[in-house]
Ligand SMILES: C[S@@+](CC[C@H](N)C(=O)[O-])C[C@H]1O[C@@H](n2cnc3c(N)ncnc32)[C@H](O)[C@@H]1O
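We begin with a single chain expressed as C-alpha cells, specifically the form predicted on its own.
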C-alpha cells in the first residue's frame, strides 16, 4: 500500500511542540550571512520560517515530497519559494551555504548515502544542520509496538516494524566526520506538558502512528487500534496530580561544517 499524503492541519495542531527544536537548531548554526539555504523536508513551512527569520536576506528554498505539505506552505507563505522534491529519488542541481533538515530524515532510508548526498550540496565553509527525533528511545515507541504486534493486528501492522531510520550518535558521528571538517552534536530531552493522554495520541496521529493506521482499511479498525494504543500510553505515561501528562521527547542534533 502506497503511503498516503500528509495532513498539514493535523501536523500543525501541535506546532508549539514541533517548532522549538527548529529554533534551537537554527540558533546553533555558526554561519554568517548565508547567500542560499535549503530546508529538506520542509513540511508546511513552519520550521522554514525560523531560518527565514534569522537570515531574511538569504535565498531560501523549501522542499518536500508531499504535495499537501507544499500546497499548505505556498498558501501560508506565498512570498517564499517551495518545491515538490523527493530527496531519495531525485538529484540536486544546486548548492547551498546552509542545508537544513528538522525532523525529516528519519522518514528516509540509507542514512550514510543520504548524508553524503546532502554534504555534496553544501558549499565550501557552509553547514549541514539536522535534527532527528529519537523515537525508539521513548516509551511511546514500545506503546505502539505492543499493539502493532498483537495477534489481531500483526498481519497488517506487524510489517511496520522499523518505522523510522534512526542511527546512534556514534554512527552519525563516524559518517559526518568523514564528510565535514568539524562536527557538533547534542541531545535534548524536551518535556511537553500535555493536556491529556489523548493529546499524545493526537500529536502522533500525524507522524508516528500514520503508517500503522494506513495499513488498516476500515474506520472501525483504525478507531479500535488507536484506542488500544491510547490504553498502552496510559500505562507508560502517568497522569500528574493536576490531570496533565508529561511527555518527554528526545531529539538528536548535529551540525557539520565544511
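All values derive from a computational prediction rather than experimental measurement. Numbering follows the first chain given and starts at 1.
The next section is about a form of this same protein that is not shown, the form predicted together with this ligand.
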Query - is_contact(residue 86, this ligand) in the model of the complex, heavy atom dist at most 4.5 Å - result: yes
Query raised in the report: Just to confirm, residue 43 within 4.5 Å of this ligand in the model of the complex by heavy atoms?
Result: yes
Query raised in the report: Is there a non-hydrogen atom of residue 153 within 4.5 angstroms of a non-hydrogen atom of this ligand in the model of the complex?
Result: no
**Report entry** this ligand contact in the model of the complex: residue 104, any heavy atom under 4.5 Å
**Finding:** yes
Query raised in the report: Of 26, 69, 37, 200, which one comes within 4.5 Å of this ligand in the model of the complex, counting heavy atoms only?
Result: 69
Query raised in the report: Which pick from 179, 121, 108, 166 sits with a heavy atom within 4.5 Å of this ligand in the model of the complex?
Result: 108
Report summary line: With a 4.5 Å heavy atom cut-off to this ligand in the model of the complex, the contacting stretch among 143-151, 180-188, 73-81, 86-94 is 86-94
